[in-house]
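This document opens with one chain alone, in structure tokens, the form predicted on its own.
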């Protein structure tokens, strides 16, 4: 059984002539982490909200864990857990209050609720702040409270809409570890994020959405093949002839004083020697998901321009 199965899913908000989501068909397998990537306003959160029964589609269908998300919303809600984008904990409640009370609301036994609350607060390093009101915690800690609430429950499908936004690098890794634990227990996850390293580390499958439509889908390995070349070299552009670099592959002006050349490994030595002769700093690395994302949906405003 698929965790999520959408067919030609479309959403038009009242008063708008442009579809927020347009004809999107996505299949999310069980016990997998499926990630939606896209620029701000691309339609990621709209898809999440429809799958989580919070928003009605204009056209098309979506089923979640075998239930129709529109006609059988009640059954769906009993099986899912959500970390909403831009959610906020209640100011006067502590981390313990949030998680423990949420488990009680979900029907958990008091003893089990206590054990689960302790476990998730320990994992996310919130235990030392367990009795501190949320109003007196940092923004990152408030975000971790929301993540802890979602991860503590026994749901079959977890919706994570930018779960690590505002978190420091250590806290992000704590959340990643908790997400991997969830998956290891057989849970399914739909993730949205703007962090490409997060998507690369966690995802089994990725769909890139642009202007409401899916423009690419596959594994990390599949998506990297979208750029024909397999290697990139970043070199300071001072005095370099861009037309000459084009003979090695695709050239992108990063807008930060460097040129990025997508090329093949066979050309790296020649390009490196060229940079060294001109005393120009350079770096060499494999093509990343970030490169693929900008290649597909980027433009000058997003930080790059093909030369």
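Residue numbers count along the first chain shown, from 1. For clarity, every value in this text was computed on a predicted model and none was experimentally measured.
Keep in mind the form predicted in complex with a small molecule is missing from the figure; the text below concerns it.
4.5 Å heavy atom contact, residue 284 and the small molecule in the predicted bound form: Result no; residue 284 lies far from the small molecule in the predicted bound form.
Decide whether residue 43 counts as a contact residue for the small molecule in the predicted bound form under a heavy atom distance cut-off of 4.5 Å. Flag for residue 43 set to yes.
If you check in the predicted bound form, is residue 162 within 4.5 Å of the small molecule, heavy atoms only? Judged by the heavy-atom cut-off of 4.5 Å, residue 162 is in contact with the small molecule in the predicted bound form.
I'd like to know if residue 156 sits close to the small molecule in the predicted bound form, meaning any non-hydrogen atom pair within 4.5 angstroms. The answer is no: residue 156 has no heavy atom within 4.5 Å of the small molecule.
Name the residue from 142, 106, 172, 194 that puts a heavy atom within 4.5 Å of the small molecule in the predicted bound form. Checked against the cut-off, the match is 194.
Proximity to the small molecule in the predicted bound form, single hit among 213, 85, 231, 205 (heavy atom within 4.5 Å): Contact with the small molecule in the predicted bound form is made by 85 alone.
Report the stretch among 27-35, 44-52, 57-65, 245-253 that approaches the small molecule in the predicted bound form to within 4.5 Å, counting heavy atoms only. In short, 44-52.
Is the small molecule in the predicted bound form close enough to 13, 20 and 39 that every residue in that trio has a heavy atom within 4.5 angstroms of it? Yes, because 13, 20 and 39 each have a heavy atom that approaches the small molecule to within 4.5 Å in the predicted bound form.
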